[in-house]
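Shown below, as structure tokens, is a lone chain in the form predicted alone; questions about how it binds or moves come after it.
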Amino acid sequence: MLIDEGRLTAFSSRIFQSLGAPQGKADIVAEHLVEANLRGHDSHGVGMIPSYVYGALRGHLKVNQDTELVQDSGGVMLFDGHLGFGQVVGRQATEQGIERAKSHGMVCVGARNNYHLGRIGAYGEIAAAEGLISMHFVNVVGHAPFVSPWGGRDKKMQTNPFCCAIPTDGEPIVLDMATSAIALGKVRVAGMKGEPVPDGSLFDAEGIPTNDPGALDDGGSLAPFGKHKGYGLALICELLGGGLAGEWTMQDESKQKDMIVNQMLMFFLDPDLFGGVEHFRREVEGMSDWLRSTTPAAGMDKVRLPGDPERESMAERRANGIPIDEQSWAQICDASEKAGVPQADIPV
């Protein structure tokens, strides 16, 4: 099915309000999720609603929670989200970090105990819109691991995202990626659509590469991207996001329950920190133009920069609607009823 942005956002917000979230917070979460769908990241879009409803009804997700500044030493700030909606408490920490960076030139921000932050690129885009460079190291805890370290069969890690956003005079450059070959949610979406996952994404229970998304439920694991390189970056995200900024890492098996918790270490810096912002902008623009002028390889239409595919997807989906597979939609509708939304209010 196809559904337009406005109807999907209003419906999503209604679900969160039915869980007890005030409209302002519900709208922030709904807009974040729908924007993920618009940008082509369905794994982090409204398909997460059933998980959020489950978390709230179980008492894990605190739907009316704000972040708390628990440590402030000027250039370093530490926030605790107390398991509030990640899209709310993560944004609050990001916005306060941005304001500090504007006065200090650079700031390091830790944000711990956020219930699922969603698409990390959204926080980089907020910083870039304010003219700041940002870097984000994120770990994922609260549930059993899905990713095997390179060279092993056991699941020991998660999809631990990394993001870096660079402002330009136009659209920002936004590198936003999981350190697994694909995000966990993309396996979920592929399974619901009955489609295979890309080569190199999954191992079965014996450690043999497979394209079957069902292998993950049968003892298989997600692969790190780029073999040892993705594994190494995932470990850095785990140690910086979870070990330094956060309170726990994946080694604490007693906390591997049924939650989705993110902890994030962020750096925000003013491009003029070294007194050469105009030079930097020229280099960014020149490098961007140089790369885009590359002759396309066979089977490719053009060379893109990080962030370009998301912008192309947004333009197409805003014009034609957001596609949602039938199984995902059925789960969302079921979750909405559990949250207390009358069936008559579900858009069809």
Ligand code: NAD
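Keep in mind that this is a model prediction, so the values were computed, not measured. Residue numbers here begin at 1 and follow the sequence given.
Keep in mind that the form predicted together with nicotinamide-adenine-dinucleotide is not shown, yet the notes after this line are about it.
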query	finding
Contact label in the predicted complex: Leu305 to nicotinamide-adenine-dinucleotide, heavy atom within 4.5 Å	yes
Partner proximity in the predicted complex: Glu238 to nicotinamide-adenine-dinucleotide, non-hydrogen atom cutoff 4.5 Å	no
is_contact(Gly321, nicotinamide-adenine-dinucleotide) in the predicted complex, heavy atom dist at most 4.5 Å	no
nicotinamide-adenine-dinucleotide contact in the predicted complex: Glu35, any heavy atom under 4.5 Å	no
Options 189-197, 174-182, 209-217, 77-85; stretch whose heavy atom lies within 4.5 Å of nicotinamide-adenine-dinucleotide in the predicted complex	174-182
Non-hydrogen atom within 4.5 angstroms of nicotinamide-adenine-dinucleotide in the predicted complex for each of Ser12, Arg14 and Ala335	no
Proximity to nicotinamide-adenine-dinucleotide in the predicted complex, single hit among Ser134, Thr94, Ser201, Asn262 (heavy atom within 4.5 Å)	Asn262
Contact assignment for nicotinamide-adenine-dinucleotide in the predicted complex, among Gly118, Pro167, Gly246, Pro224, heavy atom within 4.5 Å	Gly118
In the predicted complex, residues of 146-167 near nicotinamide-adenine-dinucleotide [heavy atom within 4.5 Å]	Thr159, Pro161
